[in-house]
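Presented below, as structure tokens, is a lone chain in the form predicted on its own.
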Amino acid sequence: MPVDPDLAGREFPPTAAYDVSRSQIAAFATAIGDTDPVHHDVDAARAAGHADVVAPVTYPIVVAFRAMRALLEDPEVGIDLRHVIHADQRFESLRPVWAGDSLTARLGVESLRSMGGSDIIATRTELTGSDGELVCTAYAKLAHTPSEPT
């Protein structure tokens, strides 16, 4: 089943607030092999000029993926996760993510096009702090190849 052609331009509701903790940042940094002390030690982070332990630059994917789930799990959209390839990801950060942040993500579908039998879905997810300040925008492209009817 192909993806709903009216998906382009659709905005999904914001996620619930996600509270970022020091332990979550440290676990993420460890998982990606980043041993920089600013991700693990509050004193090192503050000595480097940060408000608290600072997340690696790719950490916003943790929050952005919560918004992506709304797109992937909406039965009206028509995406079968077994037929999705994550084709591209990039982040535009306005400031670092720190322990103590409370972030909300809102996903919008920027474009949808067909190419080589696949639907290419471009998304934009804006992450805002509890004060409404834009912290980061995550851009992703998904390639969805519809399954053949049985």
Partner chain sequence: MTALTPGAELEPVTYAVTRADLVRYAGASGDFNPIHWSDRVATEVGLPGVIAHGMYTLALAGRAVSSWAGGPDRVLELGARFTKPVVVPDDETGVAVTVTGVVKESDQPGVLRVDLTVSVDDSKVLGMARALVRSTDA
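Residue numbers count along the first chain shown, from 1. Note that the structure is predicted; figures quoted are calculated from it, not measured.
One more form of this protein exists, namely the form predicted together with its partner chain; it is left out here, but the text below deals with it.
A.B. asks: Would you check, heavy atoms only and a 4.5 Å threshold, whether Arg106 touches its partner chain in the predicted bound form?
C.D. replies: Result no; Arg106 lies far from its partner chain in the predicted bound form.
A.B. asks: Considering only heavy atoms, tell me if Arg46 and its partner chain come within 4.5 Å of each other in the predicted bound form.
C.D. replies: Looking in the predicted bound form, residue contacts with its partner chain do not include Arg46, since no heavy atom lies within 4.5 Å.
A.B. asks: Indicate whether its partner chain has at least one heavy atom within 4.5 Å of a heavy atom of His40 in the predicted bound form.
C.D. replies: No.
A.B. asks: Is the gap between Gln89 and its partner chain in the predicted bound form 4.5 Å or less for some heavy atom pair?
C.D. replies: It does: once its partner chain is placed as it appears in the predicted bound form, Gln89 has a heavy atom within 4.5 Å of it.
A.B. asks: Could you check which residue among Ala99, Met68, Leu112, Val62 gets a heavy atom within 4.5 Å of its partner chain in the predicted bound form?
C.D. replies: In short, Val62.
A.B. asks: Using a 4.5 Å heavy atom cutoff, which residues in 45-73 contact its partner chain in the predicted bound form? It's fine if the answer is none.
C.D. replies: Counting only heavy atoms within 4.5 Å of its partner chain in the predicted bound form, the contacting residues of 45-73 are His50, Val54, Ala55, Val57, Thr58, Ile61, Val62, Phe65, Arg69.
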